[in-house]
Structures are given as structure tokens and as C-alpha cells.
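The data below hold one chain only, encoded as C-alpha cells and taken in the form predicted on its own.
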Amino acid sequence: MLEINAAGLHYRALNERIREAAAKGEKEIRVKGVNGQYYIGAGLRGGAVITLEGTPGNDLAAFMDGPTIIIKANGQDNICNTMNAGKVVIDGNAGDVLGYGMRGGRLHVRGDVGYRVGIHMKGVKKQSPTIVVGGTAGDFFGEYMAGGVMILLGLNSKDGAPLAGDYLGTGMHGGAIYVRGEVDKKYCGAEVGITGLDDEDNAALKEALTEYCKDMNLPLDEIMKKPFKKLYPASLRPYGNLYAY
């Protein structure tokens, strides 16, 4: 395993060292002393596993295509922006606008997330992005979602408390959002339908949560005991009548 000390390094210098290591074929890279450096893993290709000790800055894994990034702390904003493939695992909370335009790969967050997570998330060709959040989410979770899967578990939430803020799934026109527990329609966008899970949904949910639970060392069977609700787009063109006649 290659170790890099990020303490005091400008983000450009740190990213250059990570890129050089990945280009040389390093499979495991551990970066210590991370403290707010931007763009870690942005545009990076290949199959390296990069473990970050500390809290990275915004736009981590933007446009990333293949590697795995593990954060042993909290994450900030714009993680997985237009990410194409790979995985990001956050052993803490994360910020706003995660998975913007995400095209593929997986984002696993142990704790809570902020606003506008999964906005414009979509699948490309045979790719289907997945975001799993162990805690709760702010407003506009799944806004304008066009494809992929989002899962909200609320593992540390109080009984009866909503797992997401207002405007859940607003403008959604593709993909699926699975919420562990009940969903009150008043918190959802008008374009969202709510239903129980069929066999296909249960299989997709179990597949996604098996990997998530392995990453987070959580008991899959216990998590699956509580029923889920599925949010789906009631229309493929939710604003068609508003902008076109």
C-alpha cells in the first residue's frame, strides 16, 4: 500500500500525486492528513482503492470512472458529480448536492446527507447509479431524478419522524426511490407516486443493501425487516404541459 501525507499540500499537488500513483498501477493508496482539499479523485480512471483519513473538500470523485474512494470521516458537497463508474464510501455524514447528474457507480453514506441529493441523477446505456443513505436527508432528495436507485434508511431517526425534508422526488421522471418506513405524501413532489414493493423491487433492494451493509458492517437481515415504500415517477414528462403546448 502506498501512503501519501496530504498535510499542508495544495489540492493540485495532492491530486497530482494521487494521479501519478494510480497511473503507475498502485492498487491501494492511503492518504493521511486530508483537510479540505478539493477534487480528490476527479476524472480518475482505473481500479485503485483510495482511503482518505480526514475530511476532503468539495467535488470529490467528480467525473470519476472506476476507482473506489473510502472516507474515514465526513464528506462535504458535490461528491460524485457526474460520476461515471466506481464507488465512494463515507463513514460519516455528507453535505449537499451529492450525485449531481450521476451516471453510474455507487455512493454509500453511513450517516445523514444535506439538500438536493441525487438531483438530475440518471442512468446511461446499461449503467444505473445507486445512492444509499443510512441516515436522513434534507429537502429535494431525488429532485429531477431521471434514472438509477436511491435508498433512504433512516437508521438513527426517531419513530414517526420524516426521513427526508420537503419536496421529496420533485420533478422525478425516472428511476426509483426506496424509503425504509412510511412516507407522507405531503412531503413529496406532486409528480411522485407511492407504492409497496413487488418481487423485482425486493430483489433490487436486497442486492444494493447487501453491498452497502458489507461496506458499513451492518446487519442486512435487521435492516430488511422493516417494510419499505417505493417512490416512482407518476409521469415521464412531469412539466410537459408547463413548458410545451
Partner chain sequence: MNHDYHKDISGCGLTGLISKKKRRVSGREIVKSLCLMTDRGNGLGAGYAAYGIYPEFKDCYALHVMYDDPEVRWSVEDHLKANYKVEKIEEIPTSPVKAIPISPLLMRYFVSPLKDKLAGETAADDFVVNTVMKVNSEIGGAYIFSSGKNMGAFKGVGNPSDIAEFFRIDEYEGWTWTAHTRFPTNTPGWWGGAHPFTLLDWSIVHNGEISSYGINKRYLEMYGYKLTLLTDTEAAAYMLDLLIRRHGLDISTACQALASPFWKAIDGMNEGERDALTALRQTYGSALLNGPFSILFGHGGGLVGINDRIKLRPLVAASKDDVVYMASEESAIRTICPSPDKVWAPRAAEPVIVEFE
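From a predicted model like this one, the values you see are computed outputs, not experimental measurements. Positions refer to the first chain, counted from 1.
What follows is about the form predicted together with the partner chain, which we do not show.
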key: Single option in Gly171, Gly138, Gly111, Gly101 placed near the partner chain in the model of the complex, where near means a heavy atom within 4.5 Å   = Gly138
Arg237 within 4.5 Å of the partner chain in the model of the complex, heavy atoms = no
ask   = Is Arg106 close enough to touch the partner chain in the model of the complex, meaning at least one heavy atom pair within 4.5 Å?
value = no
ask   = Is there any non-hydrogen atom of His10 lying within 4.5 Å of the partner chain in the model of the complex?
value = yes
request  = Look up in the model of the complex whether Gln76 has a non-hydrogen atom within 4.5 angstroms of the partner chain, and give yes or no.
outcome  = yes
inquiry  = At 4.5 Å by heavy atoms, is each residue in Tyr178, Lys206 and Tyr232 next to the partner chain in the model of the complex?
reply    = no
Partner-facing stretch of 127-135, 111-119, 152-160, 79-87, counted where any non-hydrogen atom is within 4.5 angstroms of the partner chain in the model of the complex = 111-119
task = At a 4.5 angstroms cut-off on non-hydrogen atoms, which residues of 43-62 are near the partner chain in the model of the complex? List them in order.
result = Thr55, Asn58
